[in-house]
Structures are given as C-alpha cells and as structure tokens.
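Take a look at this single chain in structure tokens; it is the form predicted on its own.
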C-alpha cells in the first residue's frame, strides 16, 4: 500500500486496523497480512489498489555535483541522480540513503520501500563502505581515535543541540604516500557529512570520497555517471543482509513464513521412550539427581576437596 502511494507505512497499518482494507472481498484487520499483489484484489476504502510496478534495483555510479534526491529544491536547477537514469519501465524510483553533493560512488535506486527502509533506518545499522583519500600521512593514534568514535556536534532546526560520539568504525589503510593516505572506512550510521567531519576533527581533511559498498553490494561494472540493474545474486544478497540486520529471516523471500516444525521428542531426554527395560534405566539415569559417594560427603563436611573433581584455578 505504501509503495502504491496510498500513505506512509504507519498510516497504512492504521487503515488496516480500522477495517478500511479488503482483500478479495474480505475485510482484513490483523497484521501481518500476507497477500500477493499480482494475484489478490486489494481495495482501500472501496477503491481498488492499482497493480504494483515491477520491483527494480539499480546501481548508479554517482558523479560529483549531483544531488542524491528525486528532485531539487524549488528555484534551483541542480542535477539529481534520477536525471541520470532513463529506465524503459518508467518506474517511480528513489535513492536509498544520501550522498553529499560532491561525493561520488555507489547509489542504490529502487521502488522497493521495504528494502530501502531496512537499509537506511538507523536501528538496523546496515554497513556503508567508503574509499577515502586524506591529506597527510594518517598515524596510528588518529586511526585508533576514529575507530573508537569521535564526538561530533548535532544540529536540529539550524541550531547545535549537543554532541554525540560516533559508533565504532572499521578502518584500514590501503596506501600511504608522502602527502596523502588512502583509507577504507565502514560505517553503520549515517550522520550528515560524517566521514569528512570525523577526519577533519583529527587533522586529516578529505581530498576525495567515494562510496564503494552498501551491505554486501559492491560498486563494479558501471562507469561514473552510468547505471545498471542489479543481478539476481546481488538482490538476494541485499535482502539477506537486510533480514540479518533486522532479525527478520522471512524478509529474505516474498513468501509467507513457514510453520515451525514440532520439536523432535526423541531428542528430549525427558520425553524418551521408557517402554523397554533399557529405556527406563537410561531415563532414570538422566533424570536422577547426582549421587555423591560417602567419602565425598565426608570430605565436603571437613572442608577437604573432592578427589574425583578436577582442580580449578583460583580467583586470586
């Protein structure tokens, strides 16, 4: 419903709970509700929902001086990432996340709202990988400080409202030169101009910045300013990563969740068959409390260790 433009995801859930949604003529009020948009007849407040567009997943190699948004602000005439894409399906695409105006590299474009939400929502922490060239030779102290986290100012409504430490960052040095260092950074959060601000804070301003990965997806096979559709394997990998990040294994496919199998009683000692003499004896041994020998009881009463129990290191 949200992908069809009915309302926001939360508002669509409210419509379902209010009884405003019918599937094949029957009112649906409970969530989750599993449907096949291609086969089922869905109506909202009596109006049929149009058949969904084919889900598309495009990789764009963003050039500089390009906005990562569907449209520019009124009165401006800057190029957007959608200006670079002319897909024959003419689907309503949108970018997943943002890149700065002058930052280049991987931008994912799709009309799959579920996947986009899971890849961008802060609580899922989908990793984003960047290749960065900084001015100067980055030393170990600065690298460790970045990995541990740096306090960056936070702004709301144009005002600084405090500072918060960045989450743990994975950093590796790819190449060192006399006047520059090439790094690879992996972040799991997306603050405004975060990479540039972190490196500037430790005295190593960014000379160039390129996003090379989103989750398992890597920028390859596409020139700067060009785009291509993702392969089936790339889409599957993204969906698997999104499911893993959110703890929702069912997001890996579009099929309803499978019913869980009943536990195998044969593997539960308390449920093991005791029909035979051997089975009864085995069950009694497994369920009976541990029996101590008379010698062990006597030793314990006088504070002496049990000779049958291996010694353990002390707590100091």
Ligand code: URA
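Residue numbers count along the first chain shown, from 1. Owing to the predicted nature of the structure, the values given are computational and were not obtained by experimental measurement.
Just so it is clear, the following notes concern the form predicted in complex with this ligand, a form of the same protein that is not shown.
Checklist line | in the model of the complex, the residue from 214, 116, 142, 209 that sits within 4.5 Å of this ligand by heavy atoms | finding: Partner contact (heavy atom, 4.5 Å) among the options: 209.
Item checked: Listed residue that, although this ligand is not shown, lies within 4.5 Å of it in the model of the complex (heavy atoms), from 228, 78, 196, 218 -> Exactly one listed residue reaches within 4.5 Å, namely 196.
Note to self: Is residue 106 part of the interface with this ligand in the model of the complex - any heavy atom within 4.5 Å?
What the structure shows: Residue 106: no, not in contact with this ligand in the model of the complex.
Margin query: Whether residue 99 contacts this ligand in the model of the complex should be assessed with a 4.5 Å heavy atom distance threshold; does it?
Written below: Contact check for residue 99: yes, within 4.5 Å of this ligand in the model of the complex.
Check: Taking heavy atoms only, is residue 204 within 4.5 angstroms of this ligand in the model of the complex?
Finding: Close contact is absent here: in the model of the complex, residue 204 is far from this ligand, nothing within 4.5 Å, heavy atoms only.
Next item on the list: Choose from 173 to 181, 188 to 196, 143 to 151, 88 to 96 the stretch whose residues reach within 4.5 Å of this ligand in the model of the complex, heavy atoms counted.
Entry: Residues of 188 to 196 come within 4.5 Å of the partner.
Note to self: Where, within 57 to 90, is there a heavy atom within 4.5 Å of this ligand in the model of the complex? Residue list please.
What the structure shows: Result: empty, none.
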